[in-house]
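Given as structure tokens, the chain that follows is alone and in the form predicted alone.
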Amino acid sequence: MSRSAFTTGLVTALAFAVLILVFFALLGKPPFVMVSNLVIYAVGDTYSISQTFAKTTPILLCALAAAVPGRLGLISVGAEGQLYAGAIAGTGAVLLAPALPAVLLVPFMLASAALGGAAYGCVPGLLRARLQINETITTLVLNYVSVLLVNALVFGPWKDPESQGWPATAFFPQEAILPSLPGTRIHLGLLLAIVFAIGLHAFFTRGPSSQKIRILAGNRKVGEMFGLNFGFWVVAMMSLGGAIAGIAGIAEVSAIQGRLQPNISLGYGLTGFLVAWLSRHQPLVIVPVAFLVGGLVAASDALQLFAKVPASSAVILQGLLFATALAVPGLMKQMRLGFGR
């Protein structure tokens, strides 16, 4: 890491800390006590760490899902919808074959979720590749479609008749629950997310495919002059990103909630997009940033419960983090350019 990068990171961290202190002061809370509580509620004990990892997992997967097409220069904000599509497909697999043993049912469920998310990512990919329709718009619109489809299913044909009116499927059999560390909410989805991050890093940095993607991302026309098929890579990257988000959906349903129901995501898709953008679509950088944001979300939820801060605090703190991380480096760059004149 260069000296300027270290300085920028340090100033960004300090600016974020100051903004947090100001925020809590405006709420009428003791700032330093609240910041201390944030750290404690994020990583202070086994339960806090478990909660942090539970929040980190879907954020990390959604960030990777956004980063994959992002490496091609595409702006996909559809991880939320792809997450719901994967949850639908994975739940369908469980409802179709609930009697399968875990060694078969879990892979079947995960593969179905990945295919569901991939199909949902493929649609805007095809629209971009064939008709030049902006992927940002189509992925944004499709987010609402899959969310509403989940509602239609759990209020309708998939509703558990024994749920006493609650819109949800029946609870998954134990064989369909992702393995987790005993006594925690740290489940297989986190391991898969880390494996995906390492695999994507290797894919985007080594081999002929990485070179093709870099060329097309830099200049599509130059790439096509060398025989590269931009449309193919658009569909492939959008589908791969969708598959990863789909796994995030079924992991949340299986390991955390135990059944499909409305509101399975707390905005993980959008948060993941911001994490990916902040990390410049670098898979290995996304991992610690997602952990930081996951800890912030988990700690903010605990503060709402124990310190009686507003429910919107988590969103505000995330906004302060993203705004600081984007604004401070830009301002420091402008200052260095000004001093260099």
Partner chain sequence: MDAELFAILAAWSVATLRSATPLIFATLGETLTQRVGVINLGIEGEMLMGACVGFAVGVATNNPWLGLMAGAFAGALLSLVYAFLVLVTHANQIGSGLAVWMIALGTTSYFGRALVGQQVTPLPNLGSDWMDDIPFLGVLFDQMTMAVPLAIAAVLFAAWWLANTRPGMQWRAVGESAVVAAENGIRPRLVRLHAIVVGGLLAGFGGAILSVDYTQTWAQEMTKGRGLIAVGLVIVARWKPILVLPICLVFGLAEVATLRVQSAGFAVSPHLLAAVPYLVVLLILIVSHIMPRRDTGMPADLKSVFA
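Since the model is a prediction, treat every value here as computed from it, not as a measurement. Residue numbers count along the first chain shown, from 1.
The protein also exists as the form predicted together with the partner chain; that form is not presented, and the subsequent description refers to it.
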Within 4.5 Å of the partner chain in the model of the complex, do 54, 99 and 257 each have at least one heavy atom? no
Report yes if any heavy atom of residue 320 sits within 4.5 Å of a heavy atom of the partner chain in the model of the complex; otherwise report no. yes
With a cut-off of 4.5 Å between heavy atoms, is residue 148 one of the residues that contacts the partner chain in the model of the complex? yes
Taking the partner chain as it sits in the model of the complex, is residue 46 in contact with it (heavy atom to heavy atom, 4.5 Å or less)? no
Taking heavy atoms only, is residue 128 within 4.5 angstroms of the partner chain in the model of the complex? yes
Within 4.5 Å, heavy atoms only, which of 106, 115, 140, 236 is in contact with the partner chain in the model of the complex? 140
If we test each of 136, 205, 184, 163 for a heavy atom within 4.5 Å of the partner chain in the model of the complex, the one that passes is 136
Spot the stretch among 294-302, 274-282, 46-54, 60-68 with residues whose non-hydrogen atoms come within 4.5 Å of the partner chain in the model of the complex. 274-282
